[in-house]
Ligand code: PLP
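Take a look at this one chain, the form predicted on its own, written out in structure tokens.
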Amino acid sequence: MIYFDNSATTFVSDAVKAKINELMEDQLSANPGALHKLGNRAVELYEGIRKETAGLLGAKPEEIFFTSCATESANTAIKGYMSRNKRAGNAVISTRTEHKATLECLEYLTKLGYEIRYVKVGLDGKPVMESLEEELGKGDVALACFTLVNNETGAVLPFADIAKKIKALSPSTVIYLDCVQALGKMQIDLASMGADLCSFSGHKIHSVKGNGVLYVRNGVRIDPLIVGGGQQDGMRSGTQSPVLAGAFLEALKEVSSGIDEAREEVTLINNYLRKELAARGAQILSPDDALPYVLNVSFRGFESETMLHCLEIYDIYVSTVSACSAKQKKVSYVLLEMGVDRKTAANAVRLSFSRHNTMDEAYEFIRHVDDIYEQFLIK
């Protein structure tokens, strides 16, 4: 099997499986809210995981909150900030190439009467700075929402430039950053980054599904999305799970080691596939400077879903659009917003890699692409 669909989800690592089994021992399974010694032990374990997670992300423990997924983190950050800070402004700035978790939150805000201003993006998938300046210049911007690495193309946001521009033209604007596809693939230090709110996902870094992290910089106030018993400093009620938090931490520890070495290996895979696919008439849609973990390519003569199922015959797994939108069978809105024509976008397939993919898999992938063109392309 060749699994080139790691942006959709990753397989759970052996280390994470072992950590989950360890954390599920009876002596560690008490409710962290209980007053007896087993509860005290559970809460100490949980807070220790929180502290270590914060350290790896360059944050303070009190700035880190465990959630069920990045979608929950995004909803909490975006809705929570606007709800808590009604006097901060009535406008939100973003792009139309954001993940659905962000776009649906913005649509929700629209229904509440907020103004959403969308910055244009170029063929490189990056916000057009002149458009950003124009939208900021209109004033009244409470929140800016961006994605560090686009999940469909791998386009990397020039975040330092974006943040500098926002702080220069609208100093009070708070910045939310979707860091899901960047985690474990590029260095992240939240203390120096300049973002105020960030979301992360466990199942994108070889943890299990059902765990994520929300970063809230000290001094930023947001309303909780989930209320109840007041756990996690009132930010996210519900019984804390040392098992899920520990699974996230174990995965984070793994992907945080050897980031540069892993990226070099994945870059070799990406460069080889770019060259070989382009030589076969495919059109590379990911920008040249995209993060190498994502390669979006449009196959000549094959609609995206057709190519996906042809590859599946050979036990090769890829995506068409984002997994959150795939079953709607729509052409990628991300590619269309970048200015890719609809026909080309309709043939687009996303290959996404992890540190566990190999050059041998890349060679085999190309061999089977040749097989597919030979057998199935109507000449």
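Just count from 1 along the sequence shown to find any residue number. Owing to the predicted nature of the structure, the values given are computational and were not obtained by experimental measurement.
One more form of this protein should be noted, the form predicted together with the named molecule, which is absent from this view; the next part is about it.
Q: Using a 4.5 Å heavy atom cut-off, indicate which stretch of 236 to 244, 259 to 267, 178 to 186, 290 to 298 touches the named molecule in the model of the complex.
A: Among the candidates, contact is made by 178 to 186.
Q: Sort through I49, C69, V349, I316 and report the residue having a heavy atom within 4.5 Å of the named molecule in the model of the complex.
A: Looking at I49, C69, V349, I316 one by one, just C69 meets the 4.5 Å heavy-atom criterion.
Q: Quick one: does K204 come within 4.5 Å of the named molecule in the model of the complex, counting heavy atoms only?
A: It does: once the named molecule is placed as it appears in the model of the complex, K204 has a heavy atom within 4.5 Å of it.
Q: Heavy atoms within 4.5 Å of the named molecule in the model of the complex: does H99 have any?
A: So H99 counts as contacting the named molecule.
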